[in-house]
Every structure is written in structure tokens, then in C-alpha cells.
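Encoded as C-alpha cells, the following chain is the form predicted on its own, with no partner shown.
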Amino acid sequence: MSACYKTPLRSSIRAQRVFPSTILRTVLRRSVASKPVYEGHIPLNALENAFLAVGSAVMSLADPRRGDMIAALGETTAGPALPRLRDLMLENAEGRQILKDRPRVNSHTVDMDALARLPEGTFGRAYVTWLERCGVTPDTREPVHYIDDPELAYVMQRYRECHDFYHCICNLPVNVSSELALKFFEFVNLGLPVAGISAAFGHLRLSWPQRQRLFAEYVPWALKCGSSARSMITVYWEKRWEQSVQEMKKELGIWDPPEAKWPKALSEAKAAAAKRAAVPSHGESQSHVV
């Protein structure tokens, strides 16, 4: 009797031992399709993506200054949000043009001095003034690494590089409270999980009075304005440098949030922008063409 069941029993035990390791090897093994498909691309399998998502989330919460970790979190948790944003762009004339042109936003592609010479009240002039007022540059955005599809990788890069435009058009400075307000806005407007994660946990870094004001004043604005405004990913900002800011806000369905605390007075930032405008031009970049 025992001889009759010896082989099947051992086979069953071997199968139970082999099955988990087979699954693990399958998950860890890279396929031919996992080779890099664009410059800077780092292919990940499902397990690696999960580990990086958890690790980057922990590091981002521990140190919000780690832009590389925040970027990794955004890419590893994007899921179906990026295809949905790409589809929104394809349904919109401006969005389709963005996907065709694939413009980049940095100090090499945008002539800041030319923008500073635009009339007061235009979006281009407002953007340069905002940069001066907040003391930031457009050159600090991390490149995309962990998204496999090149077009979806560009959509993520576009979101990342246009983040400051959202600050500018919404009249928000760069500080923890304002950044969180914009994350709530982005989450309901764009649906990116990284914005939701930041909004859900970032407020823990605020003092109790700051948190009270965030949820009493900024969050209601962000949820209402972000959900009713046009999808920001479909706006070709570089084609609108000469457009009136007020006209843009009306067109996009955006209104100002409660007044925030700025690091520099508006008059001081305008003076700095005017000084930049006095710099002789060496030719306009293609991103300045409207």
C-alpha cells in the first residue's frame, strides 16, 4: 500500500517546493522587452516596482526635500492614471499638439529674458515674476526613469515640468501649506496617485494652526476649483506666454485661493523681473514662439 502512494506523494511535495520558487524566478526574470527604450529608462519588473514604490514613499515622507524619491514614487504608483491623461490630451487640440511637439520646460528651452520683456499682466511676465518671487528655477525637475512606454513617460515629464505653471496660474508660492493645497488641486484635476499620497500624509508636517487653515480654507478651494477646471495637462502653456493671465484663468476655470504667505514682496519680484528684461536678447527660443 505504501509503495503505491510513495511516488505521487513525493511528487506533490516537490511541486509544492518548486512552485513558489518558480513564481519568484518568473517575477524576477527580465524579458527581452525589458531593455531600455529611451534615454534614462530603467526597466523594472513588478516586484522591483513594488519595492521602489514602498521605499520611495517612506523616504519621501521622511524627507520631502528628496526630489528623486518623490519622482520615483510618482512613476511607480502612476498605474492607469497616465494612459487616462494621455487620452485626455488626444481628445483636445492643444493636448494633441503637445504630444506631437513634446516641448520641454527649462532655462535652455525658454527665453526668460524675453518673457520678462512682455507686458505686465501677460502669462509669460507673470511666470518670470513668480520665479523671482519664489527664488526657484525650472531646472530642478527629475527626468523620468521607471515608466516603460515612451509616450506615457513624456506625459509624466510634462506634468512634472508644468508644475510651476500651476503654482503661477493659481497664485500659490512655494511652501508646505501652498504645496499641499496644490497637491489636492492636482489630485482632483489630474488623478495622479502621487498627488493624493502627498495630500493625505504631507499635512502631518504642519503645525496645528497651519493644518486647521489648510483644511478650512485651502482644501475646499482646491477640491472645488480643481474638479471644475479644465485638465491642466491639456494646456499648451508655451503657446500662451502673451495671453492675459486673467483671460487664461477665466478660460481654464481657475480662481485664486486664499491669500498665502510669500517669501518675497511682489514689488521686489517685479523689480527683479524688470532688471532681467533689460538684459540684451540673444534670440528667442522656439518655446517662446506663440
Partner chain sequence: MVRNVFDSVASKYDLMNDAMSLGIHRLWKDDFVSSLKPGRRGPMKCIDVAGGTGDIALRILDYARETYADRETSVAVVDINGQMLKEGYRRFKKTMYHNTPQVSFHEGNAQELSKETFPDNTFDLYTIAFGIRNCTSIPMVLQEAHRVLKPGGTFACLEFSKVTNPLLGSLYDQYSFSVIPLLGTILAGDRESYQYLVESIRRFPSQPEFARMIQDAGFSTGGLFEGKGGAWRDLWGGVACIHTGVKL
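Since the structure is predicted, the reported quantities are computational estimates derived from the model, not experimental observations. Residue numbers count along the first chain shown, from 1.
Form predicted together with the partner chain: not shown, discussed below.
**Item:** Any non-hydrogen atom of E247 within 4.5 angstroms of the partner chain in the predicted complex
**Value:** No - in the predicted complex, heavy atoms of E247 and the partner chain never come within 4.5 Å of each other.
**Request:** May I ask you to check whether F51 falls inside a 4.5 Å heavy atom distance of the partner chain in the predicted complex?
**Result:** Output for F51 is yes: heavy atoms within 4.5 Å of the partner chain.
**Message:** Since only the chain is shown here, I'm wondering whether G55 would be in contact with the partner chain in the predicted complex (any heavy atom pair within 4.5 Å).
**Reply:** G55: contacts the partner chain in the predicted complex.
**Asked** Looking at the partner-bound form in the predicted complex, is K264 within 4.5 Å of the partner chain by any heavy atom?
**Response** No.
**Request:** Choose one stretch from 180-188, 67-75, 154-162, 208-216: the one whose residues place a heavy atom within 4.5 angstroms of the partner chain in the predicted complex.
**Result:** Stretch with heavy atoms near the partner: 67-75.
**Asked** What is the one choice in L61, L44, A260, A229 with a heavy atom within 4.5 Å of the partner chain in the predicted complex?
**Response** Only one listed residue qualifies here, and that residue is L44.
**Request:** May I ask you to list the residues of 136-169 that have any heavy atom within 4.5 angstroms of the partner chain in the predicted complex, in sequence order?
**Result:** Read in sequence order, the lone residue that approaches the partner chain (within 4.5 Å, in the predicted complex) is Y146.
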